[in-house]
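Form predicted alone, single chain, as structure tokens, below.
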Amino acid sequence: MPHRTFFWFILPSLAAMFLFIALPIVSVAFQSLFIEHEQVLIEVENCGPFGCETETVVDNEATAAKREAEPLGRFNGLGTYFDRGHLATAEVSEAWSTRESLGGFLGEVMNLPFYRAMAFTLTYTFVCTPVLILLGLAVALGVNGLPRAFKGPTIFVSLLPMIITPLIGSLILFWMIDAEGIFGKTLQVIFDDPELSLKASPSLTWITLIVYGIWSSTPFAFVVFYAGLQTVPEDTLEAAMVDGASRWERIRYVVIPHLMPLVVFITLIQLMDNFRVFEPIIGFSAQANASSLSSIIYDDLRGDIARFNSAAATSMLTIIGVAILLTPVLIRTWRDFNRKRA
């Protein structure tokens, strides 16, 4: 395709990406450098029958005028990124200097909101992503080997988690694990503990959220792998069977290498999606035991006082985190591409 034709072909996509992706990111980055204006305080004298008193009050008119003149707030540079609600460099440095043990240091750091959210986000991402890829591949292989009459109903059942809206799905599971729900009640009977609750501890909450994440995302991997299995060369599989290869050997040496580009694709999508985990936390009302970077942004924007600069800073840190996670996968993909070209 001529370069000129190719340029006009991709121009609409480039324009849309610039307007709806690049510009908003630049805007968010710019807003993260400012903080809200301080309130203007004045001293007023109130006189009564027992004398006069001087008190400090907020000058609403002056405060509103300042905010109207500078709607972004006052410039703070990278101060928001390093405050206690984010990277907390001062608090981390103090905890390190006064540490008695590594465990004590980590315990103090995990009490900071950003690092607590980062711990859950990374745990959720690095547990859910490989497990759902393996499960998706296993389900795809199983469905692909079924008789034709059973494939349709099995595919429909396998896709149910994808059909259900994430927030609704998390609410349904939230009710099921409740003390009066089917799962919660069953566990109480099994362990003979009427006080047992999956919502009671951070560890159980994390496990529940991770299980839900795997359940809700596995159908995506299944669909992609099932489509890829339809393109596996039959001649290669038949030749492997003639050579005496077992089913596992055919999967390992023929099917999986053929599906590796799809594995990379699913890994990229799921790393980005899982790192932005949000709906399960809200659906499970798990903010007390689990928080993510996205839930911090939500809390900043939905609190009594909207903290746009804090939400913007967390958004930029989330983007940086996603870029760091994707870098190794992208580097490997680029190397494989160059190796094939050579």
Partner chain sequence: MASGAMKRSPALAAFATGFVILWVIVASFPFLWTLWGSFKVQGDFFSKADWTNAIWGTRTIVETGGAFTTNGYSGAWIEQEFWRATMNTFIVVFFTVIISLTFGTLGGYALARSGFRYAFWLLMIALVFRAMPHITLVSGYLLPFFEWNVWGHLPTSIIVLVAINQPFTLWMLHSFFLNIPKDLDESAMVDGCTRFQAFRHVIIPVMWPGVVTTGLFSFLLAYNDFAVTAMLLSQENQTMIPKIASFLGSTFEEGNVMFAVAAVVSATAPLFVLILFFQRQIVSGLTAGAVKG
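Remember, it's a predicted structure, so these values are computed and weren't measured experimentally. Basically, rigid core = biggest C-alpha set you can superpose within 1.5 Å across the two forms. Numbering follows the first chain given and starts at 1.
One more form of this protein should be noted, the form predicted in complex with the partner chain, which is absent from this view; the next part is about it.
Student: With heavy atoms only and a cut-off of 4.5 Å, decide whether A286 touches the partner chain in the model of the complex.
Tutor: A286 lies outside the contact set for the partner chain.
Student: Does at least one non-hydrogen atom of L196 fall within 4.5 angstroms of the partner chain in the model of the complex?
Tutor: No, L196 sits far enough from the partner chain in the model of the complex that none of its heavy atoms falls within 4.5 Å.
Student: When the contact criterion is heavy atoms within 4.5 Å, does T218 count as touching the partner chain in the model of the complex?
Tutor: Although the partner chain is absent here, T218 would touch it in the model of the complex, with heavy atoms inside 4.5 Å.
Student: Test of understanding: in the model of the complex, would E100 fall inside 4.5 Å of the partner chain by heavy atoms?
Tutor: Close contact is absent here: in the model of the complex, E100 is far from the partner chain, nothing within 4.5 Å, heavy atoms only.
Student: Within 4.5 Å, heavy atoms only, which of A119, L141, L112, L106 is in contact with the partner chain in the model of the complex?
Tutor: None of the others qualify; the residue that does is L141.
Student: What I'd like checked is whether P166, I172 and L262 together line the partner chain in the model of the complex, meaning each has a non-hydrogen atom within 4.5 Å of it.
Tutor: Every residue of the candidate spot has a heavy atom within 4.5 Å of the partner chain in the model of the complex.
Student: Would you give me the residues of 126-160 that have any heavy atom within 4.5 Å of the partner chain in the model of the complex, in order from first to last?
Tutor: Heavy-atom contacts within 4.5 Å come from L135, A138, V139, L141, G142, V143, N144, G145, L146, G152, T154, I155, F156, V157, S158, L159, L160.
Student: Could you tell me whether the Cα atom of L33 shifts by at least 2 Å between the shown form and the other one after core superposition?
Tutor: L33: C-alpha displaced by 2 Å or more between the shown form and the other one.
Student: I want to check V263: does it shift between the shown form and the other one by 2 Å or more at the Cα, with the core superposed?
Tutor: It does not reach a 2 Å shift.
Student: Indicate whether G73 shows a C-alpha shift of 2 Å or more between the shown form and the other one, with the rigid core used for the fit.
Tutor: After core superposition, the displacement of the G73 C-alpha between the shown form and the other one reaches the 2 Å mark, so yes.
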